[in-house]
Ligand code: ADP
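Below sits a lone chain in structure tokens, taken as the form predicted on its own.
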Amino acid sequence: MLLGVIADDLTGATDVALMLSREGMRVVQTVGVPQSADSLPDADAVVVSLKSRTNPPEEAISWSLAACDALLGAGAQQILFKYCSTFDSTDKGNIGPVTDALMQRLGVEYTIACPAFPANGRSVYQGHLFVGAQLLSDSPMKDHPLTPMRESNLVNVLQPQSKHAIGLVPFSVVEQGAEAVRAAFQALAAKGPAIGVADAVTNQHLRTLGKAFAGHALLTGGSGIALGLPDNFRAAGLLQSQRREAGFAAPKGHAAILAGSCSAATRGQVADAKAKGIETFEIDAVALAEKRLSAETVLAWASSRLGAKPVLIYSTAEPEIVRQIQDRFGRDAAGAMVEHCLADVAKGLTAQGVTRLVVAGGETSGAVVTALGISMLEIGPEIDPGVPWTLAADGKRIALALKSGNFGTPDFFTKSLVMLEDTQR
């Protein structure tokens, strides 16, 4: 193994796994903390997907360190801590606390923080994160139900979370190339451990940053920061130059879509699917809490509708409705209640012959894959930037498209399933 990746949620893990695969690495994704180094597969890169983005910081640290130890034990020469390109976190973490813990475990004096992903409109300029043309604080992320982001200056976001100094490596330095970037990070750490927020607005900036960290034990960022890492291993003679194209064949069976995210992108995708005539079932969180609705109710509705067309089951709602539900039942309790329901629905759907499943939302995807008992995923073709089809590599063969709530074009749900029409087996 050359690269070990620790991702703080499932869809973020598939995102970075796709990036590395496209750049020529043999990649396998595992679900949850590996039992041991021996349990990890043979690959150029192994991506460990955790469900630690919104967990208590102590739990996120414990899981991340356990994953790090397993990856190092399997021979990983470099560790990447991958988080969302919208830097989802609170003043308590978990990006800062996990980064601090990994820096200590790996004995590094500095590392990078860069969530930029230009292909999906995420860029960092003068330390400020933009989502498209909007500052993060002006984007729909300001209303995220779990991690509302109302500050765009990433130095200001990260400093309360970390015990280390947080500095900026600006656009003007990144433009000068890898040597200038490396010198800037060393200067930041001259007085003690430091984390540098790095500007990046193009893929070339990301490749420059990756080159600057060749041979360094730890990087942190969105999937974009992984763009230049395979070239480092290739230049060192550790990775074959040719790209490997893996075949992908989806198992025959019914298709279904589960949407738990309440992001603006997912709301648009639900609306698009409805407009195209896909039959839908809306999960009412209040009815769920009051026991007037259950997974069994949803499955009874779906059983007579599974067939030539997919069905869509969603809990997606507008921000104001989400706030009302959280105020009534509690933020964490409301989210967990819906996740558990969708996870139970996923189990029931697969028992009814669903073998192609689209899931929207990082937390929802984690709950669904855990409920299905999947511990390893093979990475397939790209649907939209940052979102591939995957195949369950253990247990029942299921094709899964696991989508971050913020990702994908408006027609993502229908487009993703059309892709599989010529790949059935």
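From a predicted model like this one, the values you see are computed outputs, not experimental measurements. Rigid core (definition): largest C-alpha set, two forms, superposition within 1.5 Å. The first residue of the sequence shown is number 1, and the count goes up from there.
Keep in mind that the form predicted together with the ligand is missing from the display, and what follows is about it.
Exactly one of the stretches 223-231, 253-261, 92-100, 124-132 approaches the ligand in the model of the complex with heavy atoms within 4.5 Å, and it is 253-261. For the three marked residues, C84, G210 and L219, no heavy atom of any sits within 4.5 Å of the ligand in the model of the complex. Among the residues V174, A285, A343, V157, the one placing a heavy atom within 4.5 Å of the ligand in the model of the complex is A285. A single residue from the set V298, V338, A113, V311 has any heavy atom within 4.5 angstroms of the ligand in the model of the complex; that residue is V338.
Using a 4.5 Å cutoff between non-hydrogen atoms, T364 counts as a contact of the ligand in the model of the complex.
In the model of the complex, at least one heavy atom of A334 sits within 4.5 Å of a heavy atom of the ligand. Using a 4.5 Å cutoff between non-hydrogen atoms, S315 counts as a contact of the ligand in the model of the complex.
Taking non-hydrogen atoms only, S21 never approaches the ligand to within 4.5 angstroms in the model of the complex.
In the model of the complex, the residues of 389-413 lying within 4.5 Å of the ligand by at least one heavy atom are, in order, S404, G405. S223 is not among the residues whose C-alpha shifts by 2 Å or more between the shown form and the other one once the rigid core is aligned; its shift stays under 2 Å. The Cα shift for S85 between the shown form and the other one, taken after rigid core superposition, is smaller than 2 angstroms. After superposition on the rigid core, the Cα atom of V322 is displaced by 2 Å or more between the shown form and the other one.
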